[in-house]
Ligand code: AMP
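Next up is one chain by itself, shown in structure tokens, the form predicted alone.
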Amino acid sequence: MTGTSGDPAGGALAEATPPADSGPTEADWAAAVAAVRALPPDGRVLLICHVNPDGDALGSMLGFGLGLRRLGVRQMQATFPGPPEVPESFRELPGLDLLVPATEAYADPELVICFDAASESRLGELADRLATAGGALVLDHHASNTRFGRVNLVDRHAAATSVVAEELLARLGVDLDAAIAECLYVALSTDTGSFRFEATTPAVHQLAARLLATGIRPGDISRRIFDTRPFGAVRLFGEVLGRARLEPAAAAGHGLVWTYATQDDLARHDQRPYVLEALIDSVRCTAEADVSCVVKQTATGDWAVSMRSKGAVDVSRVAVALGGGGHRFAAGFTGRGTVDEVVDRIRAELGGALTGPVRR
């Protein structure tokens, strides 16, 4: 690749904020391709995904990084804020050799590319790279995305950020191989709930078919991602689910079910915080509630909140009102205070987030 450092996209095009309902325009895609193509031969690229990365964040970032490697990018790092710990279910992903701790990430890369982060705050201590990098590219699918990059590829209709990542790789002329495909398949399957959520469109299955055509083994991947957890986590889930509370009158009668997990719970069962990410799936199946919520303690007085909806409530409205973001059916935020205070705030916002009849 040839080119010069600095902002490859530049100008008003990169800074314009598109309407919230629109996806990337052809001009946006062209600017993103130009940002990559403009890298000098030894240009440093820093890939960043959000704090506490899930399958879409890690899979999109690593799959795209492997694609850039195929293009000849030689100086590249992938990272995320916070402790440099990859959840056990993702520890066989291709491309993990790209990962470095946030403390070792390039301070002033020629290009920073952000994945699955709806706002700068989700980048934690790495948010300053947006100012120090020559160019900043954002790939995301959250409706609440603030368009914080210089070039923004944000498609709220995409089922996962991996959909956006695969499209950009295709426009860059990168053919899928098994390693890239496995990363993108993990990303796609996790954000669609193993192809169960409403975002699972014909286009999603068409992308999955292209990924499977590279020879990856979906059964092995699904067992590793969805069906494997330590016995200590099984015991922990049982305890936390045992304190779940159902509030049928909440959300204007559509119902709320919620539970919480503390740091003491994790320590008692000798488990790492990431095991709690899967807990929401065991809560959201409650037939009597449209909205489900898991409140996870991250420090004294601090809670990471995951919310899901079956359709009657737009939980992204609740999350945005409380300082977070997400989608209509899945969203989250960071709460402070006691667990009861955090849930009180959620309860107060639910009535203003109704969208229509419940779908069960």
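These numbers were taken from a predicted model, which means no experiment stands behind them. Note that residue numbering follows the sequence shown and begins at 1.
This protein has a second form, the form predicted in complex with the ligand, left out of what is shown; the following refers to that one.
Looking at Glu277, you'd find a heavy atom of it within 4.5 angstroms of the ligand in the predicted bound form. Under a 4.5 angstroms non-hydrogen atom cutoff, the ligand in the predicted bound form has Arg122 among its neighbouring residues. Among heavy atoms of Leu46, none comes within 4.5 Å of the ligand in the predicted bound form. Using a 4.5 angstroms threshold between heavy atoms, Gly65 stays clear of the ligand in the predicted bound form. Only one of 36 to 44, 66 to 74, 22 to 30, 305 to 313 places residue heavy atoms within 4.5 angstroms of the ligand in the predicted bound form, namely 305 to 313.
Counting a residue when any of its non-hydrogen atoms is within 4.5 Å of the ligand in the predicted bound form, there are no hits in 55 to 70.
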